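In structure tokens, one chain follows: the form predicted on its own.
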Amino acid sequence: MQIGRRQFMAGAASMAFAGSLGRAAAQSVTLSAPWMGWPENQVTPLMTAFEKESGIRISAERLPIAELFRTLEVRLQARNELPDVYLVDGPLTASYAARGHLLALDEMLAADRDRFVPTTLVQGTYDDKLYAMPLGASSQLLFYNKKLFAEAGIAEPASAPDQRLTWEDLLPIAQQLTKPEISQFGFAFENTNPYQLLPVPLSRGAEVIGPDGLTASGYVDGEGMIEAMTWYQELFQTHKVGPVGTFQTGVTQEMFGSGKLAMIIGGTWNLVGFEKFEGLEFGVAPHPYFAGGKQVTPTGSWHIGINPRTAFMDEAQAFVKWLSTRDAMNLWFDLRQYPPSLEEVWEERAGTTFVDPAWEIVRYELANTATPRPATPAYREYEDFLRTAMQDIQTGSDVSGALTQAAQNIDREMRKYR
């Protein structure tokens, strides 16, 4: 996709970059940008488009997710000018901002806030200031294997959000589709982490962190969380509809694609990812919830932030401002199909890209049920300990004990942010 120079310059006109930097000067600048380790063809075209328009080079260092987080911690803790810009996982915004690692973007993006889907701005905000600009959003769908449903004589789930399954509806369906004699399971979550699983206790009305964002005890190990995680454990240990020990995305994706898993809660990336499985015909339905409870879906995705100590502030701001343009966001969606964060991308593609029921569901969820992960400076610690507890619970550990230990560990780590 060709990005018009006129659009780029209009978007950056309010910044010092547009008035004070010539193209020759810009060509001498290379911005350091630690990035996720997605395939090169999903990263390089975005950087190349900006470089062609601005003359500013981008050194996008593609790193596996765990290494990306470690690299950012080391470099940001050095409190120097590197990196210039970097990818921010939405729930980590509070952690980086609280430690002075992110530049507030409110003034720079003041005229653009209304262009974003409101829920996408939540995780880029800390202490009422926008510190990270959302590059996209995320949501989760219930994917189901049409062939397995047909063979079992089970009606396919409705795609209308107001007719979504309850978890109470889903369990007997999963039981009918579980056939241990051929290693076929009825249901699983794509992976085992707070992003995917927190909607379970939230749907039951549980609070998953204290109102101060720094208290885990009484919440992570509260009655509501224990009840929800007991239900989760019973899927695997009592009802045996899910494969025990499946913590990673790749494993459950392969099981679903090969017909060994009838239903899976997974991200929109699977709409393309599942195409690699020959003969797989799948449908999608909205994320389930508990009867009488709240309809909750996970959301939050990758953002872009600026190191406030960068030696190239004008160029860094120009890059972020450019990424907020419609054409840049369209290009980014074409490269990697995260739900768009700009309203205008949804509107422009309404009659083409987004005619699939999956995107209609996602659009509804982003406007009505999307619930970001807890806003806390200690999110990394919160997630790490809670993920471990969730994995232990799936494999049969005492629910209350695992959650109590997690809460104590999280509270210990949170002290440094008080």
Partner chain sequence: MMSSRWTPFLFLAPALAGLLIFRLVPIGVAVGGSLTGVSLMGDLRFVGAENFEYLLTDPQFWSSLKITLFFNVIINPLQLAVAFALAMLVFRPLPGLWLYRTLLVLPMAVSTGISAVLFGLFLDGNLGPLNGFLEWIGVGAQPFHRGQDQALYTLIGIATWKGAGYWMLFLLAGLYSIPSTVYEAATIDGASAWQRFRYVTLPLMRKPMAFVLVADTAINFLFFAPVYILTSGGPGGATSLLMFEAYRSAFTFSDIGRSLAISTILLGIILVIVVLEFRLLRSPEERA
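Everything quoted here is computed from the prediction, not taken from an experiment. Residue numbers count along the first chain shown, from 1.
Not pictured, yet referred to below: the form predicted in complex with the partner chain.
Heavy atoms within 4.5 Å of the partner chain in the predicted bound form are found in one stretch of 50-58, 36-44, 375-383, 347-355, which is 375-383. Scanning S139, T246, N307, S341 against the partner chain in the predicted bound form with a 4.5 Å heavy atom cut-off leaves one residue, T246. Highlighted residues E107, R113 and K129: none comes within 4.5 Å of the partner chain in the predicted bound form, counting any heavy atom. Mapping the unseen interface onto this chain, V272 falls outside it, with no heavy atom inside 4.5 Å of the partner chain in the predicted bound form. Although the partner is absent here, I182 sits far enough away that none of its heavy atoms falls within 4.5 Å of the partner chain in the predicted bound form.
Using a 4.5 angstroms threshold between heavy atoms, T238 stays clear of the partner chain in the predicted bound form. The partner chain in the predicted bound form is not approached by A155, whose heavy atoms all lie more than 4.5 angstroms from it. Counting a residue when any of its non-hydrogen atoms is within 4.5 Å of the partner chain in the predicted bound form, the hits in 91-128 run A98, R99, G100.
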